[in-house]
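Below you'll find only one chain, the form predicted on its own, shown as structure tokens.
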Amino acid sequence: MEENKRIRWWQEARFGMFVHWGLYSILGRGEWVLLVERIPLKEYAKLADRFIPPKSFSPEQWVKLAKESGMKYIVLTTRHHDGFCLFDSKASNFTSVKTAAKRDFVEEYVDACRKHNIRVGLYYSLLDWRFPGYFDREKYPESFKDTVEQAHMQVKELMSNYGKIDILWYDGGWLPGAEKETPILWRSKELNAMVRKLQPDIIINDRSGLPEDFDTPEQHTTPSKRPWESCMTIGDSCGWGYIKHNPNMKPTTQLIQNLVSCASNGGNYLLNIGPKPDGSVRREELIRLKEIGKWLLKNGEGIYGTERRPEGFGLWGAGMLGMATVKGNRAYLHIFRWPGNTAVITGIKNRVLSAKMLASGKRLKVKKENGKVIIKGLPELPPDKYGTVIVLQLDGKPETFDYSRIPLI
């Protein structure tokens, strides 16, 4: 019961922002550039001398954007696989505090989140490419030991130095040739026990090699029976950090459909931005996020606090027309492929008490026959180009009408 209470806010939130920002942003070729291009470590480290965002920049800009976009929490990359920390650390000199920037961006970010009532998530990569022991534990055993010690020390710092933290989002837990031994080698049980002692209300993802609180499918919306969250980029799937030329941006309609798909299946949607080196967000991302925010202002009731839709309800949600989310005795039909004046939704066992357009509140004519819900009086053209939501008030919790053994007449 206590566990459900601890994660309930997160499941009700449904929508969050991921932020990938660090030294790699300077090069503009993604967050894996150090490894992929085999850049010498000394050469890469010099980027810290150039990582000096202007004084006019504050992480509060991201927080305000998240708020405007209808997001309820943010997860910031405090340290990615390159080992560069956006926080002060006694375990490393490779930090934004001890190099040219002279700023603790994690502290600034946490303060901004609290100011704007946004839940705080911290991403931390267990691996660090600067340690040869990560690549070859047998050849460099002391180096690997140091990698693990650094991870434990820095996670403790993150959990101790910034007040209440809502989410710990691990990454980089995989180890070459030792997938099944991951939690043992990272001492994940010990690590997470320490985290929960310092932050009793925190929720932790599954990437330390242990299941913990929630699953994290990446770049797809495959549902899980456990609490789950799909993390996804707006641009190409290969790049989370800033990529200077990244023209293949998902349209707003697709992003909203991804959000609805997650909510419909009881999951969350963690949508990423990759700010430029100066901390600003590219125009293409800004436009899409603000459009989603405007859509949620009118239709957020059909996203926030929704529950997992019963299997087969609405026959895939809303048949060929779209998807459905559910909450209490209500079903929200997200119509992405507008049918014209009449919509027919099958697979609903409940009696439908009423129907209305969510954004406008306009009442609609609705009748029920043989598991089919027939909604009439709709406009010929879709009222919302991104997706129109119709609310059905049901006579009880949503139930599925099963057609699997009923032949067509």
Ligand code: FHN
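We number the residues from 1 along the sequence you see. Just so we're clear, the structure is a prediction, and the values are computed from it rather than from any experiment.
Unshown form predicted together with the ligand; subsequent notes refer to it.
- Taking the partner from elsewhere, every residue among 20, 80 and 218 has a non-hydrogen atom within 4.5 angstroms of the ligand in the predicted bound form.
- Using a 4.5 angstroms limit between non-hydrogen atoms, residue 32 touches the ligand in the predicted bound form.
- At the 4.5 Å threshold, heavy atoms of residue 174 reach the ligand in the predicted bound form.
- Among heavy atoms of residue 207, some come within 4.5 Å of the ligand in the predicted bound form.
- Remark: residue 124 does not count among the residues lining the ligand in the predicted bound form, judged by a heavy atom distance of 4.5 Å or less.
- Annotated contact segment (heavy atom within 4.5 Å of the ligand in the predicted bound form): 24 to 32, selected among 374 to 382, 38 to 46, 344 to 352, 24 to 32.
- A heavy atom within 4.5 Å of the ligand in the predicted bound form is found for exactly one of 281, 202, 231, 234: 231.
- Of the residues 169, 269, 186, 109, just one reaches the ligand in the predicted bound form with a heavy atom at 4.5 Å or closer; this is 169.
- Contacts between stretch 236 to 261 and the ligand, counted in the predicted bound form as any heavy atom lying within 4.5 Å, involve 240 alone.
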